[in-house]
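Shown next as structure tokens: one chain only, the form predicted alone.
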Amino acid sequence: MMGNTMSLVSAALKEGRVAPTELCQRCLSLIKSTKFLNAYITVAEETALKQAEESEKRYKRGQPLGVLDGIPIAVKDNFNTAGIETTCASNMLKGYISPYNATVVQKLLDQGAVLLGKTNLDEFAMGSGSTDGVFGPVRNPWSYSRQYKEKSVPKSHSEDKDSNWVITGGSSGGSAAAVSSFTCFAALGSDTGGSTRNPAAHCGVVGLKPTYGLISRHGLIPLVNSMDVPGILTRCVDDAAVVLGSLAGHDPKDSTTIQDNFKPFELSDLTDVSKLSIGIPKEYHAPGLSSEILALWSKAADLFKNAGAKVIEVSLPHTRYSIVCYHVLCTAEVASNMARFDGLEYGHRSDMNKSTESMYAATRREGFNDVVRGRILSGNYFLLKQNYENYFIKAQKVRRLIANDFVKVFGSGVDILLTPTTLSDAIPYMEFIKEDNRTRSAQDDILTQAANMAGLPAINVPTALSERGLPVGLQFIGRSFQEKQLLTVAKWFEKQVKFPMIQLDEVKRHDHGVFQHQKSASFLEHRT
């Protein structure tokens, strides 16, 4: 039951085979039994149960609000939620309760979704491991899967089996882990340089970064205003389309959203891919790309070719400059955005009272971790009067060239680009922290951030398990605002690859009631 797709669960709710409160209770008990994953910062048990009760009343009246009514979801802790703490995994915002909901949160609640809680992340979403938040690192559920355990034999008896766990990727690692471990059916992440797609790839779930401007950013605590987008994490492509349909469209509170009305769509089953043109960007064969992922990438290209699609190698020549360009623009906007945390209006305030300046400095020193402070310093350096032209303005020009590369490729008749999402599968936490955050982010964002700079929609689709028994995903990048085409192709691919279901013995052992629930097991088998 818990491993099922939203549409199946929604049908079960409609037919009365499971009640919203029962579903909510099961998710909450699973959150408790998987507490060791550290996926959630705040669990809103009382409000979730209240929302589930309201949903139950609607179902009893035969008037559910839609497909999402009664469906348990989770939200990354950098989206404002009225009445529930929003921390950004930082000391700066510990205890902060927003007076309003982010637009995307409000839209989900208006559709009857049940908000279980807020998920863990890197502090202020700066990172690619979900290891740098003040609440500690998130553990990848696949670390406890039968698939991984069978492949990863400890080198020696003395080796602590608990030190073998792997990272979720980041910065939306909590949301990816929550979906992957069956504690919710969908989760919101944010994506500035790959923060939804990267953890989706490492946790074996679908991660969609929509076109910039399709979904409102109002209430998403900003990192890089010109690149941030809310991301969607689900267990299948169809579910991502459902969530997208309920979130997309104009928001008067966010001037960067599209003016047109967005028509939600159902994905058809693509039977004929012969009219498709799939581009393989040669620059994505990046240094450090594992041979395993390279082989999988070319196998995926062959899959399209053998089904009759046109598969062509394309060039995005400015890709090699993009990570440096991204670093300059990202830190510059971070420096500007983080200026609001000064201890005056909200969030942490230092006791230092010698002067206003000393209070500002102490507040920011106490409130931000090294990673955030480092990015603020970098960004302010690039924005200095004597550096502005050479760094910030030049990076803006290079960004335009990167965006134009995509325009040219899509203009030449290519429909969709197929690339790897990550350079390798997830690595053990102990190995990941040997490098600093900036080095890791530069490595991990390399295949994802160009889509943010160009504002294009992109999706991670779980593809196969690595030799170590861990998920590997591939990325599809589409034309601007062509989510329907992108998701239709992603759904076709998902159907071909038949990614395996995670075998979470740990969860079964922790929780007797959830997986062996007789009433549900008989009508909803795990999907293949």
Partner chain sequence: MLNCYLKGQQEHERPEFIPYAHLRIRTKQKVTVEVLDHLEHLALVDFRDSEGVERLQKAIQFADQLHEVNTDGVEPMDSVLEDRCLYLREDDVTEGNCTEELLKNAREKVEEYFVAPPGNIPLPKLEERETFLKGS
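In this text, all values refer to a predicted model and were calculated from it rather than measured experimentally. Numbering follows the first chain given and starts at 1.
One more form of this protein exists, namely the form predicted together with the partner chain; it is left out here, but the text below deals with it.
Visitor: If the cut-off is 4.5 angstroms on heavy atoms, which of these, K299, K282, R373, K151, is the one near the partner chain in the model of the complex?
Guide: Checked against the cut-off, the match is R373.
Visitor: Using a 4.5 Å heavy atom cut-off, which residue among P252, G136, G288, G308 comes into contact with the partner chain in the model of the complex?
Guide: Contact with the partner chain in the model of the complex is made by P252 alone.
Visitor: Can you work out whether A295 and the partner chain are in contact in the model of the complex, taking contact to mean some heavy atom pair no more than 4.5 Å apart?
Guide: Taking the distances in the model of the complex, the answer for A295 is no, it never comes within 4.5 Å of the partner chain.
Visitor: If we define contact as a non-hydrogen atom of the residue within 4.5 angstroms of the partner, is S277 a contact of the partner chain in the model of the complex?
Guide: S277: no, not in contact with the partner chain in the model of the complex.
Visitor: Hey, in the model of the complex, does T271 get a heavy atom within 4.5 angstroms of the partner chain?
Guide: No, T271 stays farther than 4.5 Å from the partner chain in the model of the complex.
Visitor: Does the partner chain come within 4.5 Å of any heavy atom of G213 in the model of the complex?
Guide: Yes, contact at 4.5 Å.
Visitor: Tell me whether D260, F368 and R399, taken together, all sit within 4.5 Å of the partner chain in the model of the complex, counting heavy atoms only.
Guide: The answer is yes: all three residues contact the partner (heavy atom, 4.5 Å cut-off).
Visitor: Which of these stretches, 352-360, 232-240, 195-203, 416-424, has heavy atoms within 4.5 Å of the partner chain in the model of the complex?
Guide: Comparing against the partner chain in the model of the complex, the contact stretch is 352-360.
Visitor: Scan 58-75 and note down the residues that get a heavy atom within 4.5 Å of the partner chain in the model of the complex; none is a fine answer too.
Guide: Sequence-ordered list is empty.
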